[in-house]
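To begin, one chain is listed below as structure tokens, in the form predicted on its own.
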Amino acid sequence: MLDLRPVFLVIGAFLATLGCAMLVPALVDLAFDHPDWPLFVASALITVFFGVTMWVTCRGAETRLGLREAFVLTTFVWVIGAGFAALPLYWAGLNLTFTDAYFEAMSGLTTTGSTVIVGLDNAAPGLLLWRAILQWIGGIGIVVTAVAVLPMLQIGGMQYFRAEAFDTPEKILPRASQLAGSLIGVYLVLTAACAVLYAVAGMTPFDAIAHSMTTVATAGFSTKDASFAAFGPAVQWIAIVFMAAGALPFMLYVKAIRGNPRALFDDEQVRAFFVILGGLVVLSLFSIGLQPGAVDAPLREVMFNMVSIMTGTGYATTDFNHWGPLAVGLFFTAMFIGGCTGSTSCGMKVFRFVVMFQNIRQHAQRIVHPSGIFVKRYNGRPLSDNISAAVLTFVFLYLVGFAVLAVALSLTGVDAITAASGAATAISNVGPGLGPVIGPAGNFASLPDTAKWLLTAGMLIGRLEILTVLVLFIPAFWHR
């Protein structure tokens, strides 16, 4: 029988932590003498109260999670967490409806970066910092989930990355906590380094801290309406480096620190990530054309925006909708690709493209040499047919989910470009879409509430690898 007590025990601890985090923007608003600080204090008290109550109520429960409980926890922690994270946004005097506040909170925790807030340049510093904190929490949350939980759930080929510590569901909590410590350490170091370099390059300390959290999390919330167009070339080059760093597998950073510095360079997924990214950049440069003597600016513009979209960060320095149909098509394609497995990035993940390439290569070799024996490999290890089947199933469901979401959005009355790109950016957790409404120069504020709820669901489903959420709608899951 499904036991929800350990699930709510973990969710209670998460809510208590989230509530304590709300005190940070409260202190910032108080330091800046902004009147919004009591809103964060009230939100913190409510969130901590519910979190502690859930934790105390379930504390006597067995803390081991079974497979079904892990599915429930993975989804519920995002759904419930976004509801409480929305409280300060809803009360902040921005004229946001609860739909808007929940959309913004889910966009933050899933590191999507889509926003409904207009007037960021004049927003309260505490509010801007809270948005960054949400994305920073969501970034490390998805890293730990991708490394410790999803492989155990055997979602979309992720079981290939299952560490020995997670061969059985019952071992998830004690060993995951050890692994999480190493991952959080790497995350903190990257965030701190990014913040220092931003400050050296000319950002104010506040902007440097806020943007470092959303850069390493490949998340995309900015403190400026103009996003990174408000900052100089040096800041943009730094962002390119750390967006790419956030899209690489964090476990490889841990391996490098523990004495294997070549781990990042030897990984097939990492090499494929940079090859694909480089190809998209070159094609985009070709589409806009390079003028003699003016290479740095267009190269930086193309690299920044392509890295931002492919990694799912969602920052922008310009409206790439004006770069022509080829460039727009390339950016639309990049939304689906995403970064590496075990990173803060999004999309289908490069690992799955590598697996599909290996499948195609194997079939082509068998056609040419029917009697030959050809083994699919990834990083030198054989790929089982189960992994290939899981990857192909995931890709199929991903594309079906995109199509269904796009059709549903079109039924709300939005135009075709907004519906298609909105579905792509939500399920891939990218941030901006295409077109004048939700493109890099727009936002999601003008969309009808129904469209916002559909996009919110798309963000959640895409962030949690689709099957993690869909399995909860199978009646047999609850009655076993």
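Because the structure is predicted, anything quoted here is derived from the model rather than measured. For every residue, the number given is its place in the sequence shown, counted from 1.
Here the subject shifts to the form predicted in complex with a further copy of the same chain, a form of this protein not shown in this document.
Kindly confirm or deny that Leu67, Asp385 and Leu411 each have some heavy atom within 4.5 angstroms of a further copy of the same chain in the predicted complex.
The answer is yes: all three residues contact the partner (heavy atom, 4.5 Å cut-off).
Given that the partner is absent here, does Ala245 sit within 4.5 Å of a further copy of the same chain in the predicted complex, heavy atoms only?
No, Ala245 sits far enough from a further copy of the same chain in the predicted complex that none of its heavy atoms falls within 4.5 Å.
Report yes if any heavy atom of Phe353 sits within 4.5 Å of a heavy atom of a further copy of the same chain in the predicted complex; otherwise report no.
Although a further copy of the same chain is absent here, Phe353 would touch it in the predicted complex, with heavy atoms inside 4.5 Å.
Quick one: is Ile466 in contact with a further copy of the same chain in the predicted complex, heavy atoms, 4.5 Å cut-off?
Ile466 lies outside the contact set for a further copy of the same chain.
Going by a heavy atom distance of 4.5 Å, is Phe265 a contact of a further copy of the same chain in the predicted complex?
Judged by the heavy-atom cut-off of 4.5 Å, Phe265 is well away from a further copy of the same chain in the predicted complex.
Name the stretch, out of 18 to 26, 466 to 474, 452 to 460, 5 to 13, where some heavy atom lies within 4.5 Å of a further copy of the same chain in the predicted complex.
Checking each option against the 4.5 Å cut-off leaves 466 to 474.
Which residue, Leu299, Val407, Val200, Ala234, has a heavy atom that falls within 4.5 Å of a further copy of the same chain in the predicted complex?
Here the answer is residue option Val407.
Out of Asn359, Thr318, Thr99, Thr75, which one falls within 4.5 Å of a further copy of the same chain in the predicted complex, going by heavy atoms?
Result of the distance check: Asn359.
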